[in-house]
Structure formats: structure tokens, C-alpha cells
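Only one chain is included here, represented as C-alpha cells and corresponding to the form predicted on its own.
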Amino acid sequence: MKKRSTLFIILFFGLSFVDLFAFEVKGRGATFPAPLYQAWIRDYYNLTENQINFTPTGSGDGIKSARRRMVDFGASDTPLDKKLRDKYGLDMFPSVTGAIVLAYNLPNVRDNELKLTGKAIAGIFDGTIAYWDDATIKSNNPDLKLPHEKIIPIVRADKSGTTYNFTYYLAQVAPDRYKTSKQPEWKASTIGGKGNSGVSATISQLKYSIGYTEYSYKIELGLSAARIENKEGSFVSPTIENFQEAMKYASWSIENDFYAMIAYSNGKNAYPIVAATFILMPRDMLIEDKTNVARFFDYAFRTGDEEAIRQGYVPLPLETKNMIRNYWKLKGVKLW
């Protein structure tokens, strides 16, 4: 009765409101965007009292949960191709973009000092480069005092969209040695961490380690990260400006449910390991439930860019957000 009375008062006096009848949405999946999603969820709840419950379990679980209809949306850093989208009956759209960094724990080597080529990175993770003072690494870092210590590669222990995007990059720079995979069999002797948080925490605690993780976790834990050689031969720092440079080359299509791989793009200052993260919604879900999911992400698109940038993500361009809104309309969603 209280909410009905409030509704009557608001309508009577012509005041605006967002949504007085709170709903609940359940999502699971990718850890890559999890810190940002939690901030968006908090702000959305404070404004609307609508509860979005998101559990960061990894992209593999996000896909599984969506196809088994265990959640209202799954989150995945791995885009599903048309064959799998049709097989599982899922719609897909991007929510935000970000970057994967090579974070390291090297005494006397500060953030942004280490330079790594694609050849060096590929060698570290296939075991052909085993020591920090290997000639391949030293050749691009003549001024650094690199120790004769074994490199300890840190990788994801779970099926991971972050791994998928990282190995996509490796497959571009070393196609004879790598294939894109959510859970590859690494040839190097590695240590696994659960989620980006587990990888990042392990790197922060273990000297002489290096691993791939999402940029926001580097920021959160104050990790050091390498400058990476890009497609045009420039060593590029992991910065928002360089991520944005890479995103200029992303092409999205409603007709293909926004399927795209955007790493290793052109551009002199383009950071080479960038990726989008995606939302998966069951096609047979009730329109009301689809609308609730869409309303949350529409809110994030309208108000969440500043928070995304603060955390180290790159918001989608306005034209892409409008494409997604049109995509929702095609699926029967009416936002307001």
C-alpha cells in the first residue's frame, strides 16, 4: 500500500520517478568487468531500489549459466559466434571494453619500465624464455638490471574470457605456437590463479612472477605492468588514451549480435591487447525480464562512463550504445 500511495502522490503532483516497483535480476560470469559492474549495481540500487545480483565466476560459467537458463544474463569476455548463439538460443551485446596487461613483480624494475615484444611474451608462456635476463628480453631493456632468476608465469586456473583474449593476441604474434583458447595447456611451468583477482594477488605476492590480468586489477593493487610492442612496432604503455586509440578500429554490427575480436589492431599508439566484454540473454526469456536487464545496462550507459574510466575501462562510444538500444527494441524491449 505504501508504494501505491506514493505512486498516486507522484502522479497527482506530476513528479518524475524511475521505477517504484523494485525488481531483482540475477547474473553470473566474467571477472574482467566485475569491479565495474559492482559499482554500477550499487549506484543503480541506490537510485531505484532494483537489485542486480552479479556473481563473478568466470566467462565459462557465465556462458553455461545463460544457456542452462540459471540466470537472467550471463557475462562473458568470450564472444559467441552465430553457431553457438543459435545453438544455445542467446542474444549478445557488449557492455564495456578494457585491456589486458602483463603485470610483473621484479625487484628494482618499476611500473612501465619493462618493454616486451610479442616474441618475448610468447616465449615466456611457452617456456622457451625461462630467465629474466634472457637475450630476447635484454635486447629491448639494455638499461634495466634484469636478474638471472627464473620467470614464474601466472595464468588463469579456470576457463576464462581473459585467457581467450590473451591467447587471441598470442595467436596473432606467434600463430605457429598458439591457438585461441579459454583454457589452454601452457607449455611453460605456470601457477594458476582463480579469476583476475587471483592472478593479480599472486603476482603481487610472488617475486619474479609475470601474468596477464585486467587493467583495473593492476590499478586496484598497484601492480607494475609492461609496455608492449604493438602491430606497428611501437612500445605502448597501458593507458586509457592508448586503449581508446585501439578501440577506434572496432566494428560492431546488430546483424551479427555485435560479435567482434578487437585485439592487435592498427594505430601507432594503439595498445595491442584490448577486448570487449559481453552480456548474454536467453532469447526465450520473458520480455519483462529482458527489459529489466536492458534497463540496468541502459542506466550504466547513461551514467556510468565516469566510473568506468576511473576504474580503467573504456566506455562504449555513444553510437555503439545507440545501436544496442535499437538491438533491444528488435528483441521487443521497451525501455521506458
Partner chain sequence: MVARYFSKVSFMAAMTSLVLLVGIFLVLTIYALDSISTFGLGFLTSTDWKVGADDEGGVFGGLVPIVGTLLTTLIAMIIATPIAMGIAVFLTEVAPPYMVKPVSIAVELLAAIPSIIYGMWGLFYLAPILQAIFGGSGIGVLTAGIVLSIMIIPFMAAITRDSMNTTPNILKESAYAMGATKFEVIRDVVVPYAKIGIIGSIILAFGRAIGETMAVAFLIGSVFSFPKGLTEPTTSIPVVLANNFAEATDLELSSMFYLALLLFMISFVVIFVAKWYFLRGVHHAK
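Numbering follows the first chain given and starts at 1. If you superpose the two forms and keep the largest set of C-alpha atoms that fall within 1.5 Å, you have the rigid core. On a predicted model such as this, the values are computed, not experimentally measured, just so you know.
Beyond the structure shown, there is the form predicted in complex with the partner chain, which is absent from this document and is the topic of what follows.
Asker: Considering the partner chain in the model of the complex, which of Asn112, Thr239, Gln183, Thr117 comes within 4.5 Å of it through any heavy atom?
Answerer: Residue within 4.5 Å of the partner: Gln183.
Asker: Scan Met261, Leu146, Ala130, Ala157 and let me know which has any heavy atom within 4.5 Å of the partner chain in the model of the complex.
Answerer: Exactly one residue meets the criterion: Ala157.
Asker: At 4.5 Å between heavy atoms, only one of the stretches 95-103, 224-232, 120-128, 201-209 reaches the partner chain in the model of the complex; which one is it?
Answerer: In the other structure, the partner sits against 201-209.
Asker: Heavy atoms within 4.5 Å of the partner chain in the model of the complex: does Tyr88 have any?
Answerer: It does: once the partner chain is placed as it appears in the model of the complex, Tyr88 has a heavy atom within 4.5 Å of it.
Asker: Contact with the partner chain in the model of the complex for Thr57, defined as at least one heavy atom pair within 4.5 Å: yes or no?
Answerer: It does: once the partner chain is placed as it appears in the model of the complex, Thr57 has a heavy atom within 4.5 Å of it.
Asker: How about Ile152: is it within 4.5 Å of the partner chain in the model of the complex, going by heavy atoms?
Answerer: Yes, contact at 4.5 Å.
Asker: Residue-level question: is Lys194 within 4.5 Å of the partner chain in the model of the complex, judged on heavy atoms?
Answerer: Yes, contact at 4.5 Å.
Asker: Each of Arg69, Asn292 and Arg310 having a non-hydrogen atom within 4.5 Å of the partner chain in the model of the complex: is that the case here?
Answerer: Result no, not one residue of the spot touches the partner chain.
Asker: Quick one: once the rigid core is lined up, does Ile63 have its C-alpha move by 2 Å or more between the shown form and the other one?
Answerer: Yes.
Asker: With a threshold of 2 Å on the C-alpha, tell me if Tyr88 counts as moved between the shown form and the other one once the core is superposed.
Answerer: The answer is yes; the displacement is at least 2 Å.
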